[in-house]
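Single chain ahead, written as structure tokens, the form predicted on its own.
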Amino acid sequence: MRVDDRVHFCPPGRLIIGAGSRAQLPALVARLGYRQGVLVTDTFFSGHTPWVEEYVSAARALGIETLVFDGGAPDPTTTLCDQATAAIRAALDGHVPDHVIALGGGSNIDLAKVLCITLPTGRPTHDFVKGLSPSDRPIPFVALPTTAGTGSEATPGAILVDPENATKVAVMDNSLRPQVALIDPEFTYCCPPKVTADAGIDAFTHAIESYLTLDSSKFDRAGSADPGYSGRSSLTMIFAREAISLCARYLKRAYDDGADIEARTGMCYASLYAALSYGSAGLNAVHGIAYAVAGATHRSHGTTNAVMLPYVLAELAGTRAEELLDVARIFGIDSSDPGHAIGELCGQIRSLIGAVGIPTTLKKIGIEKASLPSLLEDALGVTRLARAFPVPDVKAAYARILHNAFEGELGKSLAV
């Protein structure tokens, strides 16, 4: 316990975890009284797995009709959300569904979250980017994640690409958190190594970034009575630490051998626990800078997070030494010198990133040195994340991080 904590914790309404647990869903949906749903997925899951038809058939036997929309795509745009809204409303002929289910990774889950708020009226997605009003009542949402990484099944927001300016925007409100989050590790067994790596590093980033983020007592809630994010607390840190420990044990194992059921299951728990942490605590510099890098390179979210992570951790050595030492011990580093231990931790994490096939410097993913100033400006423009970075001078820290990530230098920020 920390006496100055200001806890505001919003988990999903129901959490269900276990191999094969997807078979429970039709009966649960029926018990909740739902009768007309939309299942949001993509053509891989509708055409190459039995999961969609299994659910639709079992739900129909219980009197639940389900419209399948399989137009999901990676990094959904606001345009895709609006097109999906129009298509689904036309297919339902004016009827509003009483629940929306997402099957897939974070992209499908984000698309489904937006549809929960656009389907009732057909209003465009941009109407909700600034936030939801008290009269905006999203359709109840059920999330079935198929990757162990994004944690979208336990968070309040949907991250979208705005094609007008190639930046990422958010539709965010606690009412968009799922009524049911069902994590079936069997969904992840077919993930190829690259997806396993990207998702796993994303989960690890969520865990460690939220473990080190701004304290809840200092977090600016902008006067909100129901903030989506509210800074770290002793509660969020419990989940974050457990997720870090699970990633240290299982991330590389799941990448090396997709048939390792213990590792797959461990990463599912890691992803969820990380989401329960960052879904209330929030994130900061890794994601803030990674968004800018993704806009410049069009690399995946997990990859751009991974490139930035060790350099952000090195920058935090002066303000989060105690927590970083705790993480170092989880990774088996027992050096008694704090600076050396934190330096070794950053090096180990960078080695882990390289070992799962992800580049470890900005230079290696195609960033030119001349573009660093514009990346800095874009990263600082994600103000909600910049404000949560617990350092005295965020702009100077971001500039050092970008320089070090370009050059591959870890030691220059390790003053403890």
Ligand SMILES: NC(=O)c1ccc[n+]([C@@H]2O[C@H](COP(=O)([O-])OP(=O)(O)OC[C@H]3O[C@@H](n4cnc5c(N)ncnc54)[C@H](O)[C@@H]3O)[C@@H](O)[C@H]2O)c1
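None of these values were measured; they are calculated from a predicted model. Residue numbers here begin at 1 and follow the sequence given.
What follows is about the form predicted together with this ligand, which we do not show.
Peer 1: When you measure heavy atoms, are 110, 147 and 206 every one within 4.5 angstroms of this ligand in the model of the complex?
Peer 2: Answer is yes for this spot.
Peer 1: Using a 4.5 Å heavy atom cut-off, which residue among 131, 74, 122, 339 comes into contact with this ligand in the model of the complex?
Peer 2: Of 131, 74, 122, 339, the residue with a heavy atom within 4.5 Å of this ligand in the model of the complex is 74.
Peer 1: Considering this ligand in the model of the complex, which of 141, 187, 239, 255 comes within 4.5 Å of it through any heavy atom?
Peer 2: Residue within 4.5 Å of the partner: 187.
Peer 1: In terms of non-hydrogen atoms within 4.5 angstroms, which of the given stretches 243-251, 158-166, 340-348, 218-226 touches this ligand in the model of the complex?
Peer 2: Heavy-atom contact with the partner occurs in 158-166.
Peer 1: So, residue 378 and this ligand: in the model of the complex, are they within 4.5 Å at any heavy atom pair?
Peer 2: Contact with this ligand, no.
Peer 1: Just checking whether residue 70 would be counted as a contact of this ligand in the model of the complex - the rule being heavy atoms within 4.5 angstroms.
Peer 2: Outside the cut-off, so no.
Peer 1: My question is simply whether residue 152 lines the interface with this ligand in the model of the complex - judged by any non-hydrogen atom within 4.5 Å.
Peer 2: It does: once this ligand is placed as it appears in the model of the complex, residue 152 has a heavy atom within 4.5 Å of it.
Peer 1: Indicate whether this ligand has at least one heavy atom within 4.5 Å of a heavy atom of residue 191 in the model of the complex.
Peer 2: So residue 191 counts as contacting this ligand.
Peer 1: Could you pull out the residues of 30-66 that have any heavy atom within 4.5 Å of this ligand in the model of the complex?
Peer 2: In sequence order, 42, 44, 45 come within 4.5 Å of the partner.
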